[in-house]
Structure formats: structure tokens, C-alpha cells
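Coming up is one lone chain in C-alpha cells, specifically the form predicted on its own.
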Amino acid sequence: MKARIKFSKTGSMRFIGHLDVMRYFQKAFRRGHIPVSYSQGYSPHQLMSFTSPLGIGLSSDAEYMDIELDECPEPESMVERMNQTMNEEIRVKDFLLLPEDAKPSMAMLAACDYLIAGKPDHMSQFQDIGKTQKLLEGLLSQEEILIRKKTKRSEKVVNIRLNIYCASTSREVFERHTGGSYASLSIDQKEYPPILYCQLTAGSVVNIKPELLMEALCREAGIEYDPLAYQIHRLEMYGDQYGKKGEVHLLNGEAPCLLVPLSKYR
């Protein structure tokens, strides 16, 4: 039996690495007597996989993991059972049973929504929302937004313009475009004042980090990009209803693309 779990990761828990988060859930499942399936062999382990884990220091309202269960007699009580074994900074928000032929969420990941906010201990250069919106519009009007993208093995210049599906300083405008609802977030928006909201290509084939967009915006404003001055908060993750593993269908490309939140994607 397959299931998908949506959870938040906030506060001091955003400094916990992916392997520690995995161990955290393994222990929580054992404490909560969640019937997670185990692999076979000499070293059995719980069958779970995470969808594009966050980097250290980033927070989120929409992290996902897929698990396999031996049974699930009361699916409506699973969220409560899991949260009883967890602290307040990692909370399960949704539990979805999947059909047996459901594909892993990581394989179908196509896009993510992010909030980029200022940090309280850094003087933000983007406090004027009107001025920031004009800079953003000027950036998005360009046919090419070239950024030097670094990977573990190489470094190359890429054009990220087509991978920016939406970007705005207005939450209301962003919500109308994406169909999301981000009025109530786990991040303190007074302590971390929002700078902009964005929806970017994500997945194992092409993954555009919000830091790249912020770097381009700083360049447009003529200031140096300081990665420590901004807090990245993930809002939602999407699968492409028409997507296939190994393919990237851009939202405004020739191939059809229909983004569906992973909590609803089957």
C-alpha cells in the first residue's frame, strides 16, 4: 500500500540535514506504531523516499515523502497519529493513499512555489515593494536571464528565463496565477518580510533554485547578491499531469503542461 505525506519544516528544524530528517521520521513512525513496510535482506530499512529535500537553512510548508505501508486501517487518523510523536517544527499536514501503480513524486516533480523574504539581521535592499516590482518586471521582460549555475561537478552559464513561470511582489497576484492560497504560512512574515513570490521549474532533470532568481534581481538592481541576507521558504510542489520521467514540459512551451499540487497528484 502506497501513501504520500505532506509536512512542514520550520524554525530551528530548518538547520537539520536530510539524513537527520529521514532518521527523525523513522523514529517517529516507530513511536507512533505506523505500519511502514521494510525492505528485505540482511539490513532491512523503512521504505520511504523524499521529494527534492531542502537545503540547510531553508524552511517549508510543503515537503513531501512517499512511503509504503503493510496496512492502513484508519487513514483519516494518520495525520493525528504521526503528529503526536513529533515536535512543533515538523508537522504532518496531509496524508494521501495512492494507487499501486502511482509513480514516485520525485520522478514527476515539475515545479515549486517559493517565498523569498528578508532576514531580520540583514538590511534588505528591497524594502520598497513598488521599486522592487519595477525591477522584477524589467528583469522578466528580457528574452534571456543568464546565470552561472554551479553543480557538484561543473559550472555553466544557463538561461533561466523560460524556467520562471511566475514572479511577483504581490501575494494576491501570485495566488491568482498559481491557484494557491498563502495567506497563512508557518513563517513569521513580520520577522521575515516578503520580497517576492515565484514559481520555478523543479525536478531531477532541470531544477532552478530561487537563489538564482534572487541573484539575477540583485544584478538588475546593481547590487551584490548576499545569500545570507534572504530566507527561502517553499510554498508548494507540483507534478506535471502530462509529464513523463526524464522530460521537462515548460509551462509556456509547445508541449502540454498541467501543474497539479503533489498532495492531489496521483
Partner chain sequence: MRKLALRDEILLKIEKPARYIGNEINMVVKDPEQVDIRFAMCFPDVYEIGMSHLGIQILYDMFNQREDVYCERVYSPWVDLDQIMRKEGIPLFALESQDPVRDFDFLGITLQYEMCYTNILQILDLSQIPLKAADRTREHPFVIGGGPCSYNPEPIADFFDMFYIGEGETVYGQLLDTYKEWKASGRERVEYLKQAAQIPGIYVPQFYDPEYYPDGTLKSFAPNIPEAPEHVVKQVELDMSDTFYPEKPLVPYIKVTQDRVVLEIQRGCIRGCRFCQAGMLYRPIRPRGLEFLKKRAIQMLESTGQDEISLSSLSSSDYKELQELVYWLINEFTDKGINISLPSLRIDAFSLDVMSKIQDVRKSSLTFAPEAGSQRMRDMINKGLTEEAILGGAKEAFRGGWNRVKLYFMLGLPGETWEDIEGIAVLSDKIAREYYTIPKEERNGKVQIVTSTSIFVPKPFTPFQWSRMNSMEEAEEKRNFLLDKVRSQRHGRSIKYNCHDADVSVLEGVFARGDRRLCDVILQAYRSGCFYDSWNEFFHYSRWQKAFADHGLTMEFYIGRERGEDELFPWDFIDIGVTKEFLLREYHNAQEEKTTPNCRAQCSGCGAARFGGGVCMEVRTNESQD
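Positions refer to the first chain, counted from 1. Predicted model only: the values in this text are computed from it and were never measured.
If you look for the form predicted in complex with its partner chain, you will not find it shown, but the lines that follow are about it.
- The shortest heavy atom separation between Met13 and its partner chain in the predicted bound form is within 4.5 Å.
- Among heavy atoms of His122, some come within 4.5 Å of its partner chain in the predicted bound form.
- Heavy atoms of Ser181 never reach within 4.5 Å of its partner chain in the predicted bound form, leaving it off the interface.
- When its partner chain is considered in the predicted bound form, Arg23 lines it closely, a heavy atom lying within 4.5 Å.
- Taken together, Thr169, Glu175 and Tyr225 are entirely out of contact with its partner chain in the predicted bound form: none brings a heavy atom within 4.5 Å.
- Partner proximity in the predicted bound form, defined as non-hydrogen atoms within 4.5 angstroms of its partner chain, places exactly one of 82-90, 131-139, 104-112, 146-154 at the interface: 82-90.
- Interface residue among Ser60, Gln231, Thr51, Gln199 relative to its partner chain in the predicted bound form, by the heavy atom within 4.5 Å criterion: Gln231.
- With contact defined as any non-hydrogen atom lying within 4.5 angstroms of its partner chain in the predicted bound form, the contacting residues in 15-46 are Phe15, Ile16, Asp20, Arg23, Tyr24, Lys27, Arg30, Arg31, His33, Tyr38, Tyr42, given in sequence order.
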